[in-house]
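Encoded as structure tokens, the following chain is the form predicted on its own, with no partner shown.
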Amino acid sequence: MKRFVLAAIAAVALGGAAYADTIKVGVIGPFSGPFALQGKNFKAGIDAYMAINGKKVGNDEVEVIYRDVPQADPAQSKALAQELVVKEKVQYLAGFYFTPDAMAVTPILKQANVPMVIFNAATSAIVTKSPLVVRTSFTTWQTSTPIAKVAYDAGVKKVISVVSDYGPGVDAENAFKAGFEKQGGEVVQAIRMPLSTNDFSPIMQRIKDSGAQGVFAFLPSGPTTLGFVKAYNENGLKSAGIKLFAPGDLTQESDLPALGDAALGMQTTFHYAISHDSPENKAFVAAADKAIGNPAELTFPAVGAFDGMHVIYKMIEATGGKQDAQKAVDAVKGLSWVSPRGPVTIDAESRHITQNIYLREVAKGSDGKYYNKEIQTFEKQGDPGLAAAK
């Protein structure tokens, strides 16, 4: 069966879809289940981009085909990617909320002659698995390194690290530890939790018992982050003065109403906030709000998808609609533009996005709505984790 699939992929690659009237983009993500909101944001970002820029590149129509992976499932992701390439004849693969799903697909890219544009999956090493991978989201090294300096500058010298036990979590743990120890701080204990963890009370007790002044946390955005932040407040850690430091996954905008006043003042570092003040972001948010239907559901994966479509459009333009994965990827190496998040560049060597990382604080607007207020900018941040990944 495996030989048949690879042979079919090879046939598609050789036959190509040269100068096709329709360029198909296959998007894999969580469109149902506990992380469905993230998939909904993928689609909102795609729809927003096409609403602003049209559905054609030159004479070619762009068609997006969606496939659902409700939660991390590498085998299903690979099977769906093969189906998209063989049956649907997609020329581009995109999406991928979870790292294991993206990793599982990289081995088929070369023979399929198809690039992969990652809208979210945040482990540094993914781009090293194939020269046909480009990422428009972020990595947890990128977003977790600056918060280490923020924590130390806040007077916290001892921290306990608590992360989900998978690629991005391990990256976040290592990034924070490296940054915090460089400042002169100490990570007194490192806890890795199974991805399926939903009862955080025992973790909160371990944090209390550690004697740490602060906790660094990373979990994938969704029900897990909401549950963790609630447990932090309800178990008395905030009232005890144990400070919480994290990348922005823990305060995604769609969770802020549920967290309420308990989240006020919480600081995170991240690549994007819906409140970012720029003309490009205002245009994006207006289009994405319309696409998603409920503006309260708009959150960061939408901007990864929006910028991912920008990269795919540039690839289609550079290849004239012809199926040539390497030429498509080469065309966007070094590509710079002004994203809704600010100025960005696809690094020519790593094929990962260089961008500003912002320190944000949860605030309450005059309209009574909670938002992430940008208070400091760490400019032109690459991915320090790529050195560790090689």
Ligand code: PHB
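In case it trips you up, residue 1 is the first one in the sequence shown, and so on. This is a predicted model, so every value here is computed, not measured.
FYI, the form predicted together with this ligand isn't displayed, but the following is about it.
> Which one of these stretches, 213 to 221, 277 to 285, 74 to 82, 147 to 155, sits within 4.5 Å of this ligand in the predicted complex when only heavy atoms are counted?
Careful reading of the contacts points to 213 to 221.
> Between Ala122, Val303, Val162, Val159, only one gets a heavy atom within 4.5 angstroms of this ligand in the predicted complex; which residue is that?
Checking each option against this ligand in the predicted complex, the one that comes within 4.5 Å is Ala122.
> At the 4.5 Å heavy atom threshold, is Pro168 in contact with this ligand in the predicted complex?
Yes, Pro168 is a contact residue.
> Is Asp307 near this ligand? Define near as a heavy atom within 4.5 Å, in the predicted complex.
No, Asp307 stays farther than 4.5 Å from this ligand in the predicted complex.
> Look up in the predicted complex whether Thr99 has a non-hydrogen atom within 4.5 angstroms of this ligand, and give yes or no.
Yes, Thr99 lies within 4.5 Å of this ligand in the predicted complex.
> At 4.5 Å between heavy atoms, is Phe138 in contact with this ligand in the predicted complex?
It does: once this ligand is placed as it appears in the predicted complex, Phe138 has a heavy atom within 4.5 Å of it.
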